[in-house]
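One chain comes next, on its own, written as structure tokens: the form predicted alone.
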């Protein structure tokens, strides 16, 4: 029997980026807000202190900041004719756990999606014809436009102190920035990070090929910065410990370094860690949420009543909670009907390693220190001759020179012994990697549902992921990799390694944590879980916020768009829902 707790106005499930943003906004409205976090409590001091956090073995190799599969996992298969098995080790992706969520261990690569990304189906049909989209590709428009989200992208970038060079301010193009980006209202809050030797080498090679390289936008502060909430951030020291680590210098944007110093002082906000939310509790009509049910670390069950439930957990977990709670009709890949779990997508990546004669200093690194080109993203080029949908950016990142996981060797280098040591000595300071970061279109056979065989510690079915890359993704990645190879060769290296994405998708090697879809947004309740304001079509006092809202994945890192969506949803709640609780869009 669950212990019933005192009610609150709003309960947030998860306490990462989206929950922190929404909590800050709704507490400003005077609401009593509670966040429930399944992981541990964490703060910059002492958890991310520079004498503690820069431990590659503990955090990058053994995953000290990530979800522990022994406590929570999901099952996986490539296709629905296979039997899914539980993931005993997180390899391909690594969801964060604990206060701050994945916002603690991300790189800080903070992109805006392009205007065409938000109308991918209608734009593709208009430019190339409806037959250009294969029958089993289920891409769809978002129900929201770039212009709708532009003010909220701006708010997230100024919250984080993003460093970069704008390429399109008010429709005026600037050669130093990305000439393909959508129009923005103003510059980034900070100038770009200092360029690394690798960035300069990439820039020169790309320009020689006629491309337009630019400094990638970085939520790593190039200068000391005070954000609009009055939180002071320190200047990045280029220590090279961003991805998979917390920042002890308050230089990488995270909830801890941008919002929590203000939010945690508010009397109308509270949070609890170590709380596994198991269900959204509905009334007997199934059309109204009464709160959530959760268990603490001792296994004790609680009912937390709330007027408004907002799911802000990692993409998988939001979808899992919806399925366990019976919110939204589960997606059926056979009939193509149902919505919850529909349009799961991922990110497809590849790389070209280049071994050069010049000395590259890998120790000067930051998570989003990079130079990029965007000629081959979304619809910035003619897809007609290529025959695929989507694209991605190509970049050279200088994220650090950590000895265990950040080194490159030529293919013919010995695998062990004195020969391996010699090759490492010769190449460790003289190698770079040109990376591709590609979109993945949604597909009828890629989805999330409840596993019929495996259950978690509480007896609930595990979430089951059915996913593989498809021909469209491989052809697009092959195309991007060829362009990256051209840039790498223009650097005039001694040798290169071309690392293409191979079939099938594997959960073993790390690729990216960019999981999207499953609770997608849209303007039709037959094909989306939430409306354009991220409100459940079926249970209006439930909102779902995160990358799970993406109808397909674009060729960019998702966090900038996730942050913009959080501000967008919070604004809708403040300006519309609180004045008239109920569906924000009538069907």
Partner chain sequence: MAAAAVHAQGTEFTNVQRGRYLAQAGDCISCHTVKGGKPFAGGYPVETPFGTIFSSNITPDVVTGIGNWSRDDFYRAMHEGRRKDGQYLYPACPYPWFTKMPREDVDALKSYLDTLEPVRAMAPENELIWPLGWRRLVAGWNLLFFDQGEYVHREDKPDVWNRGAYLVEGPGHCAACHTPKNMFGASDRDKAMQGGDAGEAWYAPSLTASERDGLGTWSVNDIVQYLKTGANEDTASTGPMTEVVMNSTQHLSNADLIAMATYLKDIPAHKPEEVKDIDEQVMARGKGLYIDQCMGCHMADGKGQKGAFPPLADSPPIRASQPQTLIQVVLAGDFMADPPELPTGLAMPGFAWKLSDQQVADVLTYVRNTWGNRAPPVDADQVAEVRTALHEHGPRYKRLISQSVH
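Note that the coordinates shown come from a computational prediction; the quantities given were computed from them, not determined experimentally. Positions refer to the first chain, counted from 1.
The same protein also exists as the form predicted together with its partner chain; that form is not shown, yet it is the one meant from here on.
In plain terms, the part of the chain that comes close to its partner chain in the model of the complex, with a heavy atom within 4.5 Å, is 231-239 out of 125-133, 379-387, 313-321, 231-239.
In the model of the complex, its partner chain sits within 4.5 Å of a heavy atom of residue 262. Its partner chain in the model of the complex comes within 4.5 Å of no heavy atom belonging to residue 489. Among heavy atoms of residue 165, none comes within 4.5 Å of its partner chain in the model of the complex.
At a distance threshold of 4.5 angstroms between non-hydrogen atoms, residue 226 is in contact with its partner chain in the model of the complex. With the partner removed from view, the residue among 250, 481, 371, 178 that has a non-hydrogen atom within 4.5 Å of its partner chain in the model of the complex turns out to be 250. For the partner-free chain shown, 45, 49, 50, 51, 52 of 44-66 come within 4.5 angstroms of its partner chain in the model of the complex, judged by any non-hydrogen atom.
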